[in-house]
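Next up: a single chain in structure tokens, the form predicted alone.
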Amino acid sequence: MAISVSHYGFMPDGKEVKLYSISNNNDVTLQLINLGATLQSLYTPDKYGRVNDITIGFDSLYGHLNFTDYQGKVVGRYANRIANGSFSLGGKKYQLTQNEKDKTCLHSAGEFSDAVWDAIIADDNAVEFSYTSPDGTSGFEGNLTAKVRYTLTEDNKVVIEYSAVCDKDTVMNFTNHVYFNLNGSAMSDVLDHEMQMNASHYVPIDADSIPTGEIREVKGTAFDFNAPCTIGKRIYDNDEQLTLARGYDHNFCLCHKEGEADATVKEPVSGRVLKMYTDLPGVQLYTGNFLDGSVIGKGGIPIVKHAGFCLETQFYPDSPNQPDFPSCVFKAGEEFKSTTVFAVSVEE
């Protein structure tokens, strides 16, 4: 295993952004940048031995700063949406930044994604990023210190380990917003990718993409991926939920079957297979519904609708306002810890 470090760019305030590249002996390379603790690229071979980047994003810092849809970035301190940008905890109401349509708080207004994190080479196959969020940022209380460690293994797993501690009671929910396209190019969309997910229920949303509070069975709906099905097979079905989100942009409630991946995605032409494992209760499947080709991504290719899919492991959206959802509340000094694994392989 080997790690190299190179210059990636300078922020407007002069802070340097560096690129970290980790390679194993199987032609797999994981690239990271310390802006947003971003998963910048993941190069993997297809069944013919051709190596391509299977993530959608930007070649330069300029793209990340000016056109980002959180491609590859770590999101926190609360990933996903909080209704009306507010919640109550310990008898106190917190008003957060309402950065989406002046209504919801989305991804905590991008604080963690837009920050330049400190970085250290933690091992010959691992890089660890750290960031401290000051008390009051985006309306959240408490000084919060977060760490994200990326490891690339010799069996082609990208292991993402999150940890965080706050000095006041708070809510926490961290994820990575990487967009995958197993074709290895955004020139084709991901609708022919075959997905299987161990999830018996999903969370319906309203017109503002806020959970209604219902936890609905997937059986008999366009949201049933318990048997393998292409992402595009039912994405245009006459389903109110798909219409509201323009596709899939929903939390799935994971079943966590021992010894099985929580989600498996296969691409038939390249033979690439991506398996996702997590210890969190949910995952947001997002199919790039609001990408429209107006932004140029890697290789000078426009990032079009459905150019990538996201599997954002998480607590459910709006959990601070939903008492029936798994709790995301952490006491002062209590550590948030979570691990997500993306394993890549090929199917002949």
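Since this is a predicted model, take the numbers as computed values, not measurements. All residue numbers refer to positions in the sequence shown, first residue = 1.
Below, we turn to the form predicted in complex with a small molecule, even though it does not appear here.
Three-residue candidate spot F225, R272 and V346; no residue lies within 4.5 angstroms of the small molecule in the model of the complex by any non-hydrogen atom. The contact with the small molecule in the model of the complex, taken as any heavy atom within 4.5 Å, belongs to Y70 out of Y70, Y316, F309, F58. In terms of contact with the small molecule in the model of the complex, the residue from I160, A199, L106, V171 that brings a heavy atom within 4.5 Å is L106. With the small molecule left out of view, the stretch that reaches within 4.5 Å of it through heavy atoms in the model of the complex is, among 284-292, 45-53, 29-37, 59-67, 284-292. Using a 4.5 angstroms threshold between heavy atoms, H177 counts as touching the small molecule in the model of the complex. For the chain shown alone, D249 is a contact residue for the small molecule in the model of the complex, at least one non-hydrogen atom being within 4.5 angstroms.
Proximity of R81 to the small molecule in the model of the complex falls within the 4.5 Å heavy atom cutoff.
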